[in-house]
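As a starting point, one isolated chain is supplied in structure tokens, in the form predicted alone.
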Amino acid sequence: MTVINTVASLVVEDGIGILSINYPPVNALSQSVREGLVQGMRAANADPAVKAVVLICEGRTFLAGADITEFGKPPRAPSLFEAQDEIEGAAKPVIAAIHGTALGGGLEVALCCHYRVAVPSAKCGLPEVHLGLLPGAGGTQRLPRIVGAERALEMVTGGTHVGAAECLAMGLVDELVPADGLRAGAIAFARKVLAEGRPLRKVRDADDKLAAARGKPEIFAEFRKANARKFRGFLAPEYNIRCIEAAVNLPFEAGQREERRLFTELVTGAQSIAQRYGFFAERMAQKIPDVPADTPTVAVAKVGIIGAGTMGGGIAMNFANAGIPVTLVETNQAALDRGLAVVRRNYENSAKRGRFTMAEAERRIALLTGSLDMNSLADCDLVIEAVFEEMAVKKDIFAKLDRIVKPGAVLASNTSALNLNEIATAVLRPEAVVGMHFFSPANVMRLLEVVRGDKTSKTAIATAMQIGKKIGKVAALSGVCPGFIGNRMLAARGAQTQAMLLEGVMPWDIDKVLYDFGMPMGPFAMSDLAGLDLGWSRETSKSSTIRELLCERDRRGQKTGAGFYDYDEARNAKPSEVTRQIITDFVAQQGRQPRAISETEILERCTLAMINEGAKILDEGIAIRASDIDVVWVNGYGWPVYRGGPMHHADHIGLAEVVAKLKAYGPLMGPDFTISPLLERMAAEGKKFTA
């Protein structure tokens, strides 16, 4: 065996050189790996005993993508292009042996090999779009030469991981080898290449798949149109599309230059910087300074959920999806049947859309058991209360759970705003009580706000964070305060949107500004979707707010065909003259004079109020890090990921500018508005929240 460097070695077995990379944990394409590839290929090329080369990786995966910790730093030789040139230009056939994943730069290296084999469990993809990027090492130029322009468009703009069987069908890999025989299978394939005298097949020279798309610009026009809503606001999908267009219409070298030009524009741009920040922020959110990684956790083998409504059913689906049995408890049979029927319908619809088989849907449904008896939760390891937001009801439930559920179990509340410390007074084991705030629809939304009470144990916190990850959520820790992190900041924004209504701005004007900023919908459209009558009753309504006036006229949102907006049969919204008159009359009754408000002011008052509240949350220790606040807002409230989150956005604006604008808007922000002392202090010191 020849040791190439600290991460690469070359061994020759009967004419086959096996170039092995071992750079834990995921063989990222760091400088040492690139050097190992370059020097290893040169050694193999120079050795007359080597007739073919197998490129293989140790550990759990093939080459991962680029080492993104190197982004923004001075480049260190050799470049990835040099490594690719050594592989592609080799005088001997090179076979990539793929296991785990070949993603991003890893797949781009594999595409420079003359042939590719993979184990059945392997996956390939170019997921750079998720970091606001495009494949920058020839991926957009080589991929369509193998799979065709249409399939390449889907892969680079969706960032999907494609299974080995599908890769084989589309020609991305040449042969599947046994799961436990990658090395032997790759060597056998190399011998077959030699025995059959197969050519040194360079992907860059293939043209037949591209020729099928050449002269057909409608392919790209239709793809853009079909995905316009999905790609809204993002630069990276459009730049990826342009690269595939270049692959179709330009020679390889010219296409690669265009790819590099667009990559450079993205990697230095604000969107990719924000998306890469978000990538690391999600991972950082898992780290809690006083809850080390070796903190004991409760092994969650069975979950109990109280409440089978929309939220409880959605929460249950998360655990069933992860293979964990769930007992759903309701107060009456009709409510239980209704909840389980909704879950079944959701699973059947997913199966019909091809997300999984009907057999898999039935397997997941079988993990759910309905019950009308809270005693059936006695042996659960985790119980989550998901009933409506009323403190007395929640405390009564927890008092009963305290008597029923086995010692050592975690008792969680899905409360979105109530005081977890008060809920915990209902039990004799307050250390077991933790908040697990799911977001609706709970089976879809990625965020899980884990709420730490004054007496919550480290074991309960670690268990909630760990199980959140297991069920596919992004978990972020919050302390106890009204609304926790997300809803507290939402309330701060809501105060400004309501204030602006009273200054004469129409709801659709505010919604448009926030939608154009990148939010999935504005606050008034969201209120209509949720229902304006949540928490409202006709008996206590006093016509004291615009919302009350709307509800009194049975304008309660989409479900009644009218709320802030008017809705047609398909629930398409349009501005309402009725709402306009209600607001105009109400403003006049308040003795106010409407004024014109610019889109800039609307956006700044909404976003700066959130930033200010986020600074208070940070200052009070409710959030550990500013990046945790951003994780909450990106994953739970639709803040555009390409803007990083409210606190990252504050840094982008500049904290001094944020403070100056808040002071300028001060008289309009409301009588209770105060600027965060932390925000003022950091602005004065020239600091950033997310440095």
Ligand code: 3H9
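Since this is a predicted model, take the numbers as computed values, not measurements. Numbering starts at 1 and follows the sequence shown.
One more form of this protein should be noted, the form predicted together with this ligand, which is absent from this view; the next part is about it.
In the predicted complex, none of the heavy atoms of residue 33 sits within 4.5 Å of a heavy atom of this ligand. In the predicted complex, this ligand sits beyond 4.5 Å of every heavy atom of residue 663. Put simply, residue 50 is far from this ligand in the predicted complex: not one heavy atom of it is within 4.5 Å. Interface residue remark: residue 67 is counted as part of the site for this ligand in the predicted complex, having a heavy atom within 4.5 Å. Distance criterion of 4.5 Å from any heavy atom to this ligand in the predicted complex singles out 101 from the list 463, 101, 576, 413. Residue in contact with this ligand in the predicted complex (any heavy atom within 4.5 Å), chosen from 80, 306, 505, 525: 80. Segments offered: 135-143, 549-557, 368-376, 384-392. Contacting this ligand in the predicted complex at heavy atom distances within 4.5 Å is 135-143. For the partner-free chain shown, 260, 263 of 240-277 come within 4.5 angstroms of this ligand in the predicted complex, judged by any non-hydrogen atom.
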